[in-house]
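The form predicted on its own is given below as one chain in structure tokens.
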């Protein structure tokens, strides 16, 4: 063993003598560099120059801080708003003037319903104002469980989950299921809450043209070819289609039967946002699935807020139990926000009672929507956008001036003129710099069951006169 080690040592010495000179020099330099790094300091102390008090004062006077926000004109609409006094019922008081309400999403007129208010008041006396805790931290009250049970029963699904904020419902539901690496096919006209949910999911987003099923199928076929190239990746990549039942920005309906066919053909999941269609469409107000006669089990997840037809606050998702239960651990708005105040949950339960007891209310709303839709057609200079059964229609300029600000000002003139005549309308508002596809400026006209034929005729007459004066 010793002789073997001596032989290795002899070989090393011999190799050292036989090595080229440049090789030995290079190795020597490297060894010296390593020794220097080991024993040298990791940093150098630089001499600091101490400023005098006068120099410090001069520097402070010269410094100009960057503005925290960009400058905003005092005439900006967000800084000059109309003030409402009292509940936004059928007759609403704006800036001290009573007007007919064609602006609030109180589709079924339940906001000022006596039964709803009595239940809310009784709940307020029993539970107090708020909850001061998320659902998992002593924020679950018995009325929350009752409301979830009633919503599931009303929608004919296995389970439902409620959120305390309508906007956060779909914005929390999407990232609860779709993660980085997953793929979402979404309509270009999707509302802002959906856009925020897509952003939070960090998934790969593919937009298809609004309600264009051929364009959607083209994207699905392209993805199918990509999946064939990498089947291992395709097996772990989830794919979703996200649409609205009744689009808030365009007031038209999604072609749900065609979407269901594409779902099964290309093996994707469907998320359906029904804030504008729940409590509006269908014989019993169950939304787009009932409107088209589509089996609700064909939709993987349905979400809606409770701030329109139900006239409360918050939102809900419904579907199969294993799908909904996942949100109780992954829905950010559910896990981290204080739960819905019990009085608002009680109000929503009573609203559901009224909807179940009087399904004729949905027929009345549909007829009034058709009446307003027909009456608003053919106004010179304005273009009506939306389905005849949509409760929130859009009036856009037939010819744009080329400037969005100028178009908004023209439409604002029409709205102000109607307000002077005691008809309350509103402009559709968007976060212009954040919208993925910014809709054109429009006046939103909202129809409710409380509006009489006389109210509707007066509103249409005011809009025509105001448009004639502003667009001449």
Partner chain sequence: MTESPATKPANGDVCQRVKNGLKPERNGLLKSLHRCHERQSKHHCHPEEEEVHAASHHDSLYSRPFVESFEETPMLVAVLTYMGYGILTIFGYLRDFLRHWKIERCHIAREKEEQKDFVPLYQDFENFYTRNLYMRIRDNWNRPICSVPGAKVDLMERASHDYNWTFEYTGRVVRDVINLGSYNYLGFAENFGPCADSAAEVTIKYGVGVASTRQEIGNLDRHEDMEKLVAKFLGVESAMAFGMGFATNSMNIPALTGKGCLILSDELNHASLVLGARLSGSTIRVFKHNNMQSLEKLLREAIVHGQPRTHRPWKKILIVVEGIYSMEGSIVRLPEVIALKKRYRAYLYLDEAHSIGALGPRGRGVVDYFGLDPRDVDVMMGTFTKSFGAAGGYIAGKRELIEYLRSHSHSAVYATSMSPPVVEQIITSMKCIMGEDGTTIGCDRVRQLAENTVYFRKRLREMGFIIYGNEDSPVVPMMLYMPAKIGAFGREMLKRDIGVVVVGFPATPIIESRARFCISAAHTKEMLDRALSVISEVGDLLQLKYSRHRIQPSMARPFDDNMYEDIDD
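Numbering follows the first chain given and starts at 1. As the structure is a prediction and not an experimental result, all values here were calculated from the model.
One more form of this protein exists, namely the form predicted together with its partner chain; it is left out here, but the text below deals with it.
Peer 1: Just to confirm, with a 4.5 Å cut-off on non-hydrogen atoms, which of 258, 387, 300, 290 contacts its partner chain in the predicted complex?
Peer 2: Only one option qualifies, and that one is 300.
Peer 1: I need to confirm a contact call. Of 382, 92, 183, 194, which residue comes within 4.5 Å of its partner chain in the predicted complex, counting heavy atoms only?
Peer 2: Checking each option against its partner chain in the predicted complex, the one that comes within 4.5 Å is 92.
Peer 1: Taking its partner chain as it sits in the predicted complex, is residue 140 in contact with it (heavy atom to heavy atom, 4.5 Å or less)?
Peer 2: It does: once its partner chain is placed as it appears in the predicted complex, residue 140 has a heavy atom within 4.5 Å of it.
Peer 1: Report yes if any heavy atom of residue 426 sits within 4.5 Å of a heavy atom of its partner chain in the predicted complex; otherwise report no.
Peer 2: Taking the distances in the predicted complex, the answer for residue 426 is yes, it comes within 4.5 Å of its partner chain.
Peer 1: Evaluate residue 431 for contact with its partner chain in the predicted complex, applying a 4.5 angstroms cut-off between non-hydrogen atoms, and reply yes or no.
Peer 2: Yes, residue 431 lies within 4.5 Å of its partner chain in the predicted complex.
Peer 1: Check residue 97 for me: does it contact its partner chain in the predicted complex (non-hydrogen atoms, 4.5 angstroms)?
Peer 2: Contact check for residue 97: no, nothing within 4.5 Å of its partner chain in the predicted complex.
Peer 1: Which is the contacting stretch out of 282 to 290, 231 to 239, 361 to 369, 208 to 216, given heavy atoms within 4.5 Å of its partner chain in the predicted complex?
Peer 2: Looking at the partner contacts, the answer comes out as 231 to 239.
Peer 1: Which residues, if any, of 250 to 284 lie within 4.5 Å of its partner chain in the predicted complex when only heavy atoms count?
Peer 2: Going through 250 to 284 in order - heavy atoms within 4.5 Å of its partner chain in the predicted complex - the hits are 263, 264, 267, 268, 269.
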